[in-house]
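Presented as structure tokens, the chain that follows is alone, the form predicted alone.
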């Protein structure tokens, strides 16, 4: 069986490698020549545990190769980006799905399978993808070829494991399409596979990420409440979570990544009259970068002429993914108010020591709790800084050594530290 995977990003490339490892012949398609050149060498351009080895093995065995455009195949998997565009009214940009559909359609033959893995607004498979495929091929979905949606449900840093061991929801435009997609994924998925219709599968993926977003917004809102009341939200969350039916998530400088910060908008736009809670959660999380910048400004007595060292640029800890990272918003606000911002990220930077970047800085701002930052030595940083101030947005820096080194530590959500 020959599979053509369109899009070799954080989901497409691991899926292609696993399919190849299962013995299928796989062509991976991407518009980025850097990605294709790396794949030809058996290498990868993204950091993900285990992925370099799986890709190298599959390429060396001749099971996986790259191409700049889709090729004829038995099955096509579309794993292309679906970002949001706009400021006040964010909407899904389906241009990549549409382009992939137009490229695949002329190649379709009776008996082929097309699976959309990209997260998309409800109805995309039926109302956007299906017409493009049918018009471009002259075939009828569900009659001449199979069409399904099988959204990824993976966590960066554990993608390979979760692609194999996490239950899959497979939605077909009809039962035959869902069954055909299930048979393809059964080549490497070891978890359960649950069949439904395409629109339900699209909604399920959005529900999962919206659940996280709304609950993070609740934690962030309580962080603001705690600052107003003069209490420590981190202590309050720890105590509240001791209730057997309560589980607060952690507050922070915002929500990022290509899923949780994006997918709720797909739901809001699909049903604007029924989603005030989801929209409010998005507003809370989108407002956190501004609030963090204000925390720094308050602690410094203003930002004009100040130098801030921001630690962490990725959207979450211990990944190299910068997509939709709230750190970027914080830094933009700081610079807009006149601060000079130096940046460091333990996952993506060139290795410049934090101590060198801290020289003459007025504030150290922790935005991402990368494990590498546990090794920071406040005693070594203190004499190099113009002012001994640390602002911690993740409750990550241990207070005792930092205060012993003379630092004032301001924590997001801690009204006692302000």
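Here the structure is a predicted model, which means the values were calculated and not measured. Residue numbers count along the first chain shown, from 1.
Below: the form predicted together with a small molecule, not depicted.
A.B. asks: So in the predicted bound form, does residue 216 come within 4.5 Å of the small molecule, heavy atom to heavy atom?
C.D. replies: So residue 216 counts as contacting the small molecule.
A.B. asks: Residue 255 versus the small molecule, in the predicted bound form: is there a non-hydrogen atom within 4.5 Å?
C.D. replies: Yes, residue 255 is a contact residue.
A.B. asks: Taking heavy atoms and a 4.5 Å cut-off, does residue 156 contact the small molecule in the predicted bound form?
C.D. replies: Yes, residue 156 sits close enough to the small molecule in the predicted bound form that at least one of its heavy atoms falls within 4.5 Å.
A.B. asks: Should residue 205 be counted as a contact of the small molecule in the predicted bound form, where contact means heavy atoms within 4.5 Å?
C.D. replies: Yes, residue 205 is a contact residue.
A.B. asks: Since the partner isn't included here, can you check whether the small molecule sits close to all of 76, 102 and 130 in the predicted bound form (heavy atom within 4.5 Å for each)?
C.D. replies: No residue of the spot touches the small molecule in the predicted bound form.
A.B. asks: Of 177-185, 78-86, 103-111, 260-268, which is the one stretch near the small molecule in the predicted bound form, taking non-hydrogen atoms within 4.5 angstroms as near?
C.D. replies: Flagged stretch: 260-268.
A.B. asks: Among 126, 98, 152, 318, which has any heavy atom within 4.5 Å of the small molecule in the predicted bound form?
C.D. replies: Checked against the cut-off, the match is 152.
A.B. asks: Just one of 297, 249, 231, 348 has a heavy atom within 4.5 Å of the small molecule in the predicted bound form. Which one?
C.D. replies: Contact residue from the list: 249.
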